[in-house]
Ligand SMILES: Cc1cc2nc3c(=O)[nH]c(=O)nc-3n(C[C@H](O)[C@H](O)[C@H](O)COP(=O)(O)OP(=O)(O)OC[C@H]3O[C@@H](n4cnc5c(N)ncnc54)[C@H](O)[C@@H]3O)c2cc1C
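The chain below stands alone and is given as structure tokens, in the form predicted alone.
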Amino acid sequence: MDALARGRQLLPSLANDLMREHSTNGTDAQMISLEEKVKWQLPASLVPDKKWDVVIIGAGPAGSIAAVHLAAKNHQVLLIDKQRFPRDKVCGDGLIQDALRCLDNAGLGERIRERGHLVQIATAFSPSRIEVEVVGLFITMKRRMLDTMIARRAVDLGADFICGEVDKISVKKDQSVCFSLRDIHRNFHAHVGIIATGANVRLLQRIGWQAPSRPSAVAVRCYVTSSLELDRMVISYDKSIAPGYAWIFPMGKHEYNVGCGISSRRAAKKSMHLKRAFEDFVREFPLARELMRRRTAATPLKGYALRYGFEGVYPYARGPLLAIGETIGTTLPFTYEGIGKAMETGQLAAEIVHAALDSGNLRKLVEYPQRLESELKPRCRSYRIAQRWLAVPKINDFLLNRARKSKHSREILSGILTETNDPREFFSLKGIIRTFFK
């Protein structure tokens, strides 16, 4: 019996499983029909036994964007994720300019703007509640929808998507890569492997890649439905969670992503309980308190880890293996913005892998870590400076007070969010002096 026939035979049972999933996941799952889910997410047993050009582990934004670009170049791509999509992903759900550029390059920008929620104002509050408003362009979209749309785009372009958990990776004598899936008695082989497992670096640690055991930061979030009208991104460096920050991001239709996060080192040093910090925030911060007072529904609080400032696995590439996205710690310090940066590394990796495969010279893969060092890491260092300044409450108050009084400063802050300005234009002695004259 061929793979297509086996797939048809499996369709009823898979559809029943997905129907049960649909009944528990709510209306977001309605964006994809049950039959479509079955068609584009194959059981691992149905995938052809062949040598792939690229196998990608992890179908979040980094891995799926890499799959999109490689499939568009007609490479044979296998995308593996341990969960069936759509699946929940704990995140702040905010997209800024870097993410939107990557989505445009993947042919998804228009659809994302249509389905996401547009927000054009961000308001920051200092520890003493000094308020600064910045104009910008932000899109909010739940990760269950965003990630599904990107992965589905890769499949539409020719990639294969399977569900399974990779537990072993090995590089053979011929420099090909072998992947083993847990509970499935078969291996998958590829010329190149891309690892995009997010903040979870255990897989690469098992094969000898270096990575700190503790993540860079920890955060919690929930979704709140409230009658409060609030159509702006809210960021608060509230005293209840200093030196971290909290947020309220509108998702549309009176639903909000509400959460807070803090450096894991500072949380450990202060013995901070993040759930308690969140409870303090929604009780003490006026907007959060009113939002919760008028809530009609709220989901359970969920936690997640972040790796920022390139505090992930190292090296970023070894032979035919590359690591991308939050696996290598590409989330930006200061903003904790990670979706766009993850996609940028996926796009960069795809560009370099394509050149290597197209030329038949896999030595070209060494360009990937070189370009990370020259293009992304310097920018990350600038954002770390901003993070350090804002972590001190008195300095935070002073900076936001200067921004409140200076239109020039607000324009710089807006540019920092869109990455058209370097953070050092504001977070430096020279930058601060300039605010008194502009």
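A residue's number is simply how far along the shown sequence it sits, counting from 1. Because the structure is a prediction, the values reported are computed rather than measured.
This next part talks about the form predicted in complex with the named molecule, which is not shown.
Asks: Quick one: from Phe334, Phe179, Trp247, Trp209, grab the residue that has a heavy atom within 4.5 Å of the named molecule in the predicted bound form.
Replies: Spelling it out, the residue with a heavy atom inside the cut-off is Trp247.
Asks: Using a 4.5 Å cut on heavy atoms, which of His354, Arg143, His117, His189 is close to the named molecule in the predicted bound form?
Replies: Result of the distance check: Arg143.
Asks: Looking at the partner-bound form in the predicted bound form, is Leu230 within 4.5 Å of the named molecule by any heavy atom?
Replies: No - in the predicted bound form, heavy atoms of Leu230 and the named molecule never come within 4.5 Å of each other.
Asks: Even though the named molecule is not shown here, does Leu157 get within 4.5 Å of it in the predicted bound form, heavy atoms only?
Replies: No, Leu157 sits far enough from the named molecule in the predicted bound form that none of its heavy atoms falls within 4.5 Å.
Asks: Could you tell me if Ile57 has a non-hydrogen atom within 4.5 Å of the named molecule in the predicted bound form?
Replies: Result yes; Ile57 sits at the interface with the named molecule in the predicted bound form.
Asks: How about Arg87: is it within 4.5 Å of the named molecule in the predicted bound form, going by heavy atoms?
Replies: It does: once the named molecule is placed as it appears in the predicted bound form, Arg87 has a heavy atom within 4.5 Å of it.
Asks: When the named molecule is placed as it is in the predicted bound form, which of 101-109, 284-292, 300-308, 359-367 ends up with heavy atoms within 4.5 Å of it?
Replies: In short, 300-308.
Asks: Is any part of 163-197 within 4.5 angstroms of the named molecule in the predicted bound form by a non-hydrogen atom, and which residues would that be?
Replies: Sequence-ordered list: Gly164, Glu165, Val166, Ala196, Thr197.
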